[in-house]
Ligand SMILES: Nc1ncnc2c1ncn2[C@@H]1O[C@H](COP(=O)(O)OP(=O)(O)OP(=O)(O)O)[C@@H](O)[C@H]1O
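In the form predicted on its own, a lone chain appears below as structure tokens.
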Amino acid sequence: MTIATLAISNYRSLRDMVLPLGPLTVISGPNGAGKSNLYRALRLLAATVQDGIVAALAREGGMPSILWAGPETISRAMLRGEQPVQGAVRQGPVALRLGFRADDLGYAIDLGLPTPQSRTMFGLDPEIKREVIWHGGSPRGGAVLVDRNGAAVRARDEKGRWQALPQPLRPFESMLTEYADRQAAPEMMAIRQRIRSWRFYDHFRTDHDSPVREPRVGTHTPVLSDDGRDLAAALQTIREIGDAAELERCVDDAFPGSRLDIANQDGRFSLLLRQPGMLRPLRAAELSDGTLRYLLLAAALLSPRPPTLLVLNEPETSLHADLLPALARMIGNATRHSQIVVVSHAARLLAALEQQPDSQSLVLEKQLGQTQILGLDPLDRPPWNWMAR
């Protein structure tokens, strides 16, 4: 169920991005190349199953803020510097498009602005114009299994015939959140469950006042929260129902001779780290930012309920360079259960990740404001077709 191809069109600097993904994909590039845009676009795609893609776009300033700000087309003469970059009369509709193709199914969503005839004060909110689920390489012909066009949704039955689904959709509703009929559209359920399992971890708080450093009521926590506040409970869950031996190995790999422990005082869990030469264990409040961040990443990567896709944005933050090889090994081992994307600019981590099995490295660069993959020949670009409105 790994994602083979990710496609993004007209999101900030990602004017026309189609990139291959493998079991472990490492995204790097200089500041301003578009790494953060790629990470945000993936999070937007995940928001389709949480009924939040319109709200997420609004938080970024709405469609006018996030759309590609350059010309609709860039000629070869512009790329060679023989012609100045200039706009022209728009030929196509205003569109933000996101999609992916996995081993079995593909999904794409097309968002645009309300039509001039729409009587609404929410004129800057995007509307979902098209959603498609297909089987195979591209959304063409008989490969299309579910098709949402405007308010109408149709799905193929067991004999391949189109059947209209009864409930029309509002422009801000995704079909992935509004339909739950396993018999009428099982592919929709499959895509929804897959995207729901995706996880994103970005800049854990490890400052003095971080909730990670405080004792918290502990409950079974197979999935670490986004901010890591339930770290102690997540680590104890790994010790009880996950791979406790792998957790011990990862801690020893980074901090030789050290051992994790979890204290339970009236149901409130506290993290303890026992280190060689110390007469007492160190509490979470006493740990360095780097040590705490490494343990947070361990809890995310060793989850007893592994996601289909795990995205780490700059996991090297606050980590000492000597910890990066251990982190790379931990990430490499996690690919046995999850597809992983790492966005980073730490040279030592990048070098260590490239040594992991099934790792592929994509370096981003900018040319005339648009993000591109360095060294990717146009003929090697994964095939991709957007459905017309």
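The first residue of the shown sequence is 1; numbering continues from there. Quantities reported herein were computed from a predicted structural model and do not represent experimental measurements.
Keep in mind that the form predicted together with the ligand is not shown, yet the notes after this line are about it.
Trainee: Report the residue, out of 25, 13, 372, 9, that has at least one non-hydrogen atom within 4.5 angstroms of the ligand in the predicted bound form.
Mentor: Contact residue from the list: 13.
Trainee: Can you work out which of 362, 331, 66, 341 has a heavy atom no more than 4.5 Å from the ligand in the predicted bound form?
Mentor: Exactly one residue meets the criterion: 66.
Trainee: Does the ligand get within 4.5 angstroms of any non-hydrogen atom of residue 381 in the predicted bound form?
Mentor: So residue 381 does not count as contacting the ligand.
Trainee: Indicate whether the ligand has at least one heavy atom within 4.5 Å of a heavy atom of residue 314 in the predicted bound form.
Mentor: Residue-level check for residue 314: yes, a contact with the ligand.
Trainee: Using a 4.5 Å heavy atom cut-off, state whether residue 37 contacts the ligand in the predicted bound form.
Mentor: Looking in the predicted bound form, residue contacts with the ligand include residue 37, since a heavy atom lies within 4.5 Å.
Trainee: So in the predicted bound form, does residue 345 come within 4.5 Å of the ligand, heavy atom to heavy atom?
Mentor: Flag for residue 345 set to yes.
Trainee: Just to confirm the contact call: exactly one of 331-339, 28-36, 41-49, 354-362 touches the ligand in the predicted bound form at a 4.5 Å heavy atom cutoff, so which is it?
Mentor: Of the options, only 28-36 has residues within 4.5 Å of the partner.
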